Every structure is written in C-alpha cells, then in structure tokens.
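Shown next as structure tokens: one chain only, the form predicted alone.
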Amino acid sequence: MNTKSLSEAARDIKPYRPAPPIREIVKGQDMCVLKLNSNENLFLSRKQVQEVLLEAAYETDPRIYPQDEEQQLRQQIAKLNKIESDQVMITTGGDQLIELLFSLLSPGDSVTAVSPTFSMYPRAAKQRGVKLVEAMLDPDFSLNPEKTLELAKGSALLVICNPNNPTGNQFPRESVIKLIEGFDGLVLLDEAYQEYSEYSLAELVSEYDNLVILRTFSKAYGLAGLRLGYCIACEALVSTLREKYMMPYPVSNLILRAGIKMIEQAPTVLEAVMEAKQERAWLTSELNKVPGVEAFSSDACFVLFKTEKPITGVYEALLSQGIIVSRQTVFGTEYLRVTVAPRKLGERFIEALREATR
C-alpha cells in the first residue's frame, strides 16, 4: 500500500460534508444561527449539560486510564433497558459500532440495508469494498419484510434503522421481528432515535443471537459533541466484540463519567423527550399548512418534508436567514429534513420557510 494506491481505492468514497460552520454563515453579520440539520437535542439546556460535564471533569483524573467507569455505565444502561450489563458494549458514538461490524466483512461480502438509510452505511460499505444491496421501502415509506428478505439472501449483514433515517417512521414491531427471524446473518438494528419512538427491541437480544442494536447518547441525552454510544446484543456476541475486536479504552474516562451522570438525569431527559414529541406534532402540522409543502409523520426528533419549489433554492433561502436544515435524497428526489426544536425556534423556522417557499 502507498499513497497513490490508497487514493485510488478511495476514489468512489464521498467525503462527509457537514453543513458550513456557524461562523462561516454569520460572516460578521448580526445574526443568530439556528442549527436544525443534525437532529441534536435542543430541549436540554446548554447550561445543564455543561454542568454535568464540569462535574464529570472534576471527578476525573485524566492522568490515568479508565478504571471501573465503563462497568458502571454498562450497569446503568442495562438497568435502563432491562437487560444484563454483559449484553452492553460501550463505543465512541454509534459510528464506531458501524465501523467495527463492517470491518469484520470481507471483500466480496454483501450488506443489505433497508433504504433510504443513514448515509454512514453506504459509506462504510464502500470503505470496506463490500457490495451494498438496497432493499427499498415502498413509496409510502412502509417496510415489506418478504421483499427485504428475498433481496437479503446471501448477505452477511442486514441493516435496519428503526425509526428510519431520513424518513423518520418506525416500522411495525412484527415486521422487524420477521426480518430478524428470517435472516441468516447478523441484523444491525439502528435505534439511535429510540427514545422518541413507540418501542424498542432491546429485550429480544437474549432470544435472538443475531441481533445487534445500536444506541447513542448523541440524540435524546444531548451529548452529540462527546461521541458516546453503545450496542446491545447477546452476551456471547458482546463478549467477542469487546474482548477480541475492540481496542482497549475506546472511550475516555471523562466521557464515560459524563454518560453515567446523564443517565442519572434520566427523568429530566425524558421530560425533554416528551416536550420534543409534542413539538414534533406541532411542527408537522405547521409544515403542512405552508403552501407548497408536504411533511411526513415522524417517530424521531426530526421531520422530513418536500417543497414544490426547487429544494436548492429553499435550502439556500433558509441559509440566508441563518437557518440550517439538511438536504436528503429519497427515491432519487430531494427532500429537506428539519430537527424538532422548542416552540420559539420552531416558529422562527416556519416563518422563514414561508418566506423561502413564496
């Protein structure tokens, strides 16, 4: 391997391009930027989360490697999900689990993903040189288990985002279980937005040894900037992944302790989630009142919508008003996706969208 061969191998991998940094949007203007493109939790106050981080920093000795913080966090996660701590593995955000599972695949293997899906899954497939099979949702965003299983035959891994990103809908429980039961390989069930949805399948990891559930602290728990996640699976699979394939100390003791403290704040987090659900209903309703806009129901902390006017123009018009949303491609058509925010911020967004779609 050399620089040239590495560059050639990466030719088809698209760089991840987040929205422009806030300072680039402002460019000296007297403007308050409203960041609604990454599904972060704006219902928890910045001060509250910072206080948790300060407490964690005060209790942490950064000179030494993590001690028992990981075990403490695993125990708390297990209690929260009504499972055993040996069924939990801590990761650096959900992305580390994706990277780990895809690293276990060999060139020539295939992965089936219920699509459209989270952009990191196609990216990971290209990075590893594996074939990605897209099991497309029906036009109404519904899941067809029989069609998906037929397409997934021979794949080593089946990926299901539930609730789905970017469409936002959660699939019927029985349909997802049918996929788990009918697929021969590992099933990665991405539950990044579980707290905002109707159900979780965490309790089934003891029943199905091919089920791996991805979770994150980046959404409901408000720690997107700290990169903390975890997976839930049967004890044998977790033990193999953690002890044989993970590098030691993947998460710092400071971040582990912050996670512990955020779980201790679970009642406050759940209050914020309930408020977000209420605002999600309001936002969806208000979007559908805007002429030329169609919004879709969501079980996550974001809402997908389309506009009659070209998406590029609407996106840039919002950006000019200091509002960042996300552009998404669904079935070859461009949509916009907006993070659910507290009412005053939501009202500002709706007002700006009305202006942008005139």
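A quick note: this is a predicted structure, and the numbers were derived from the prediction, not measured. Heads up: residue numbers just count along the shown sequence, starting at 1.
Same protein, other form: the form predicted in complex with a small molecule, not shown, and the subject of what follows.
Q: Determine which one of 240 to 248, 107 to 115, 217 to 225, 145 to 153 lies within 4.5 Å of the small molecule in the predicted complex, judging by heavy atom distances; exactly one does.
A: Stretch 217 to 225 is the one.
Q: Going by heavy atom distances of 4.5 angstroms or less, which of 170, 194, 165, 87 would be at the interface with the small molecule in the predicted complex?
A: Of the candidates 170, 194, 165, 87, 165 is the one lying within 4.5 Å of the small molecule in the predicted complex.
Q: Tell me, which of 161, 276, 255, 135 has a heavy atom within 4.5 angstroms of the small molecule in the predicted complex?
A: By the 4.5 Å heavy-atom cutoff, the listed residue in contact is 161.
Q: Heavy atom to heavy atom, is residue 259 within 4.5 Å of the small molecule in the predicted complex?
A: The answer is no: residue 259 has no heavy atom within 4.5 Å of the small molecule.
Q: Given that the small molecule is not shown alongside this chain, does residue 121 nevertheless sit within 4.5 Å of it in the predicted complex, heavy atom to heavy atom?
A: Although the small molecule is absent here, residue 121 would touch it in the predicted complex, with heavy atoms inside 4.5 Å.
Q: Considering non-hydrogen atoms and a 4.5 Å limit, does the small molecule approach residue 99 in the predicted complex?
A: No, residue 99 sits far enough from the small molecule in the predicted complex that none of its heavy atoms falls within 4.5 Å.
Q: Going by a heavy atom distance of 4.5 Å, is residue 95 a contact of the small molecule in the predicted complex?
A: Taking the distances in the predicted complex, the answer for residue 95 is yes, it comes within 4.5 Å of the small molecule.
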